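Before any questions on binding or motion, here is one chain by itself as structure tokens, the form predicted on its own.
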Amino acid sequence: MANFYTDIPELKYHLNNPIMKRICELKERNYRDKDEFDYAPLDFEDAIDSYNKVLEITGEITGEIIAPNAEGVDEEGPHCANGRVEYASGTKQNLDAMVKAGLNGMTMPREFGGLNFPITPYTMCAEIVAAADAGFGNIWSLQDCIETLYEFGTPDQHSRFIPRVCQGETMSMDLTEPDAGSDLQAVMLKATYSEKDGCWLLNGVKRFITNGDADIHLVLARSEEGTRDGRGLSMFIYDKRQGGVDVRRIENKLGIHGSPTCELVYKNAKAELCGDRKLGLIKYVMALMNGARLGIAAQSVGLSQAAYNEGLAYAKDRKQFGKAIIEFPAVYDMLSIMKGKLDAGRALLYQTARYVDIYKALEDIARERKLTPEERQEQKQYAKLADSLTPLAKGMNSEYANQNAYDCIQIHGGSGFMMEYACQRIYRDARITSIYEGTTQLQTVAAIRYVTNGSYIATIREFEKIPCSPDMEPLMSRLKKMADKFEASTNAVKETQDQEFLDFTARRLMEMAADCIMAHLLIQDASRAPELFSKSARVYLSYAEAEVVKHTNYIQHIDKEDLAFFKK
């Protein structure tokens, strides 16, 4: 049977990145848990071995249970009756297998029943699951909502809710409403404190809530009467055991059929405040969304892998004009670019995850003791890097997932349009990745300040200082010229001092930055492991080079008169 971890050697390569040693030291607090928990690692090698074994278990469950169930789950989907959701039968089997394997609450401390895993190996598990069934991945990976509760909740809330998630209970984040999608400042679900009940009561409607009938919800609601903006919003914890929330309906979606997307009705639902009042959107949702965006980046990479697998297998098997279609340049060109995008996007995903791991671990340590000046500087450095790369990881990988799924169907030809082939499900599932948890356009909004303040070009110039193998040096020379074009285009746009023109060109500038960064990461990977990445580095560099030239030419030739024409 397939193992979705061991069958992909690139994952093990990323697990063994040199930065993981620092991550493990911080996450394990120099391995202090070994005296209290028999499954805690003794040292770095033991920690990596533990991650590797859990990833193998995840890959085995994914290959033997989740993947075989995927088509049935896609066809059956969840059901809604009497205000409750019932998962598809295959989804129930998937959840049961993951719970029995102890794959819940993975990043939580051992004192709560978690595995105390860093974000990086957990993100790998999310990618693996999504490669088999992206819809189920949504249900299982929403366990990472517990990160926000752990970060901002009270010790009492930790003790009551975190063990339940570690034991397998599900979570959701209830943010959007019928009139508040991307504009979360418009959220109007009402939160009123009841002296009689000694708790907050929530009333209103939430829409497009993934896994909306979950056991534990994080809810964005308006706690300050008379307000209309983000300063009147707070974060709440709703426990399904308390009652008061019904599922009005499950949305009929294009893809991710196994994941119930719900419209919820709150009627005096008892809830408790998470963190401080008025910081729900400004602080807590931002933290929640950053985690969710990394999760969708992982889901996107999983879908890209699935699309590449299906396309490659079909191209090897399908014969036309007396030979396998993989031998035709039009087909192997598509497959090589698909693999290049997959490897480049995965490199960006795990670089981002490692940056998140370091700054999050230092934040957690700061709750126990005062950080040293060196640690504070390290925390600040990696927080900035993580914030700058997260919108690129989500934005670019979701677009690549869609492109790879499209090309997978094209390789299949007419068969790809038939429902009996998996590529049509992958295509439908991929489409949502560039929409939810912030559209690609909103990722551009988040990224553009790192273009204009010079953060991206500074990161790129730092990467240029990293030695590469002699085989990669010609690629590095070309990449430096790409960076020059990106920097010149950025300066040209800034010099106009025209905000509308900046907004108009922002997507192209963001993509140029991402192209350069991903190409650098692939060159680094190919220098360390040429057998895995040399081909992708060459293919992707050529692809990215053409993209940068295209965007450069567009920005050079567009002017305000053209911009006025676009607005008509």
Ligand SMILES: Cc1cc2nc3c(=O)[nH]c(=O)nc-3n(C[C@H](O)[C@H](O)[C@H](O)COP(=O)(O)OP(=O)(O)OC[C@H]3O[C@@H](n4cnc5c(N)ncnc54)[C@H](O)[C@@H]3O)c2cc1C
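Quick note: we count residues from 1 along the sequence shown, nothing fancier. The structure presented is a predicted model; accordingly, all values stated were derived computationally and were not measured.
There is also a form predicted together with this ligand; it is not shown, and the following applies to it.
**Student:** Give a yes or no on whether each residue among Asp174, Thr210 and Gln441 has a heavy atom within 4.5 Å of this ligand in the model of the complex.
**Tutor:** Judged in the model of the complex, Asp174, Thr210 and Gln441 all sit within 4.5 Å of this ligand.
**Student:** Under a 4.5 angstroms heavy atom criterion, identify the one residue in Ala186, Val445, Val205, Leu362 near this ligand in the model of the complex.
**Tutor:** When this ligand is considered in the model of the complex, the option within 4.5 Å is Val445.
**Student:** If the cut-off is 4.5 angstroms on heavy atoms, which of these, Gly102, Gly181, Gly72, Pro109, is the one near this ligand in the model of the complex?
**Tutor:** Partner contact (heavy atom, 4.5 Å) among the options: Gly181.
**Student:** Based on heavy atom distances of at most 4.5 Å to this ligand in the model of the complex, which listed stretch, 385-393, 432-440, 452-460, 488-496, is the contact stretch?
**Tutor:** Flagged stretch: 432-440.
**Student:** Does this ligand get within 4.5 angstroms of any non-hydrogen atom of Lys278 in the model of the complex?
**Tutor:** No, no contact at 4.5 Å.
**Student:** Would Ile256 count as a contact of this ligand in the model of the complex, using a 4.5 angstroms cut-off between non-hydrogen atoms?
**Tutor:** Looking in the model of the complex, residue contacts with this ligand include Ile256, since a heavy atom lies within 4.5 Å.
**Student:** Spell out, yes or no, whether the shortest heavy atom distance between Gln351 and this ligand in the model of the complex is within 4.5 Å.
**Tutor:** Answer no; every heavy atom of Gln351 is more than 4.5 Å from this ligand in the model of the complex.
**Student:** Can you tell me if Thr261 lies within 4.5 angstroms of this ligand in the model of the complex, counting non-hydrogen atoms only?
**Tutor:** Thr261: yes, in contact with this ligand in the model of the complex.
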